[in-house]
Ligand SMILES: NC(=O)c1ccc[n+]([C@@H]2O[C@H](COP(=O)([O-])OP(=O)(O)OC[C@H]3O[C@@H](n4cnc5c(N)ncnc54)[C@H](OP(=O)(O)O)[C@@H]3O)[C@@H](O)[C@H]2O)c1
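So this first bit is one chain, no partners, the form predicted on its own, shown in structure tokens.
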Amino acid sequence: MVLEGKTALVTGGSSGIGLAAARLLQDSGARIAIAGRSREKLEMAAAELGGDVVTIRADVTSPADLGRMKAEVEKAFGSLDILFANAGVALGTPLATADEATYDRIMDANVKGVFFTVQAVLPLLREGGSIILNTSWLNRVGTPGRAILSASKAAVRSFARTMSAELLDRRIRVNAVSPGSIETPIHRGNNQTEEEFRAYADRVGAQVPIGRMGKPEEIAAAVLFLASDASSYMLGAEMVIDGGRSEL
């Protein structure tokens, strides 16, 4: 197994891309810890993953939670080889109507949360470890109604470069995955039926050159690549997995 003997932490690991990544990293031999805000969702994810997965209830916007997350990872593993900083939010913010509370919610989760997640667990990361940040195809295009979300993800893309430069002496690689429109719970509306979601997925998929929305497992495959030695010559890079939406 390519990650045999490795340890990994996935934030936002109880559903969607995070859960798919945790499953694939685990299947590839790594010991896994997942963090999320909902204890119920974490327990459901742990039951699905099986094995000795470690669950940590933590909100990445809370310094106290991040400190506790670091302590629980250290207690469980001692040290860490892989961090997938995946937790974040996605909200529409039309220029004419977006309010300060929504701005703060997006920036706190997507920018502050990512930065201080990395800072919190950095003392645990072994030399030669891998940090993967989750940005978005939106950081590469101009999409109406997504100004704040796109800016937050552009900041994360920048983190991959600057953090890599800062961690060169420890040989810790920082790279980013940039998903397109992926079929995850973040795209599902409250009380939305499966039929309604399929209709939504078909509409969104029609906007993508490849003709469909992506699957969480397709992002997880990129996370595994960046976590493994197969990507040992990649540093500060961005892997775009968006069905061609930002390129064609």
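Quick note: we count residues from 1 along the sequence shown, nothing fancier. Source: prediction; values computed, not measured.
The next section is about a form of this same protein that is not shown, the form predicted together with this ligand.
- The stretch from 127 to 135, 95 to 103, 72 to 80, 159 to 167 that comes within 4.5 Å of this ligand in the model of the complex, counting heavy atoms only, is 127 to 135.
- Only one of Ala199, Ile186, Met44, Ile210 comes within 4.5 Å of this ligand in the model of the complex through a heavy atom, and that residue is Ile186.
- In the model of the complex, this ligand sits within 4.5 Å of a heavy atom of Ser38.
- Within 4.5 Å of any heavy atom of this ligand in the model of the complex lies no heavy atom of Ala220.
- This ligand is not shown here, and in the model of the complex it never comes within 4.5 Å of any heavy atom of Val121.
- When contacts are judged by a 4.5 Å heavy atom cut-off, Val89 counts as touching this ligand in the model of the complex.
- In this stretch, 153 to 175, the one residue having a heavy atom within 4.5 Å of this ligand in the model of the complex is Lys153; the partner itself is omitted from this view.
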